[in-house]
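We begin with a single chain expressed as structure tokens, specifically the form predicted alone.
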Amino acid sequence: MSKLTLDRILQQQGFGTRKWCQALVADGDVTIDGTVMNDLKSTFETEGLPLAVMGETWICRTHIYAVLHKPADYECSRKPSHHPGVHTLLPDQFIRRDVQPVGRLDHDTTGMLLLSDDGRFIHTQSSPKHHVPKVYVATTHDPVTPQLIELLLNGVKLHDEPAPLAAETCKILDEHHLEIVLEQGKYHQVKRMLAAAGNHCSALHRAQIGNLKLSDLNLAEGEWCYLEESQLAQLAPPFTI
């Protein structure tokens, strides 16, 4: 582990410029275990260091691995066009650390959205060659039929796609809900596949990535949490810190 001065640690964690972080320390706004730390020369092991900055608790992490239960009408963009960005639901430090969504969900799609500032993690979880299975629950305008499921499993032809796209698995949940598992992650893929199969997707929710289920994380819409090692291991492929 590396040892850094407190102002450099705060800058690394996204609390602001080094000058601003030096002022936080000098003004006594940083505590460790309840003790004010205002010596700019003292050094500390960074990973796992518990801080309180202006009363806000923070655990130092080399990289951030997090998951957001994305609500509808939020865009997965740093420069949103018509709706608020998902970053407005996250700590300001995440923006300064360049934490990014791993892939994107449409503004009206809800559910599991991974976030990280680790390029290796982002590539592993978003690259098509890793075949990461993602589980979606789609609400349909017309009733779900066995024929619709068969079409989605066999593959449907989409405009601008060279070959038909098929679901990995697909099943009926009830009259107007189906569960579909995809690996490709094409633009508006579920919605376009349902349209090509003769139905319409009126709502879409991503419920699972790999073996990690959003329902197991107990997050309300708009809430987020860090992913710990045991949860990262449930992704596909499993990820180790």
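Quick note: we count residues from 1 along the sequence shown, nothing fancier. Note that the structure is a prediction, hence the values are computed from the model and not measured.
Another form exists, predicted together with a small molecule; not displayed. Remarks below refer to it.
- The stretch from 24-32, 171-179, 38-46, 190-198 that comes within 4.5 Å of the small molecule in the predicted complex, counting heavy atoms only, is 190-198.
- Residue L204 is the only one of I64, L214, L204, L68 with a heavy atom lying within 4.5 Å of the small molecule in the predicted complex.
- Of the candidates V102, V99, L105, V135, L105 is the one whose heavy atoms come within 4.5 Å of the small molecule in the predicted complex; the others do not.
- Although the partner is absent here, S116 is not a contact residue: none of its heavy atoms lies within 4.5 angstroms of the small molecule in the predicted complex.
- For T109, a non-hydrogen atom is located within 4.5 Å of the small molecule in the predicted complex, even though that partner is not displayed.
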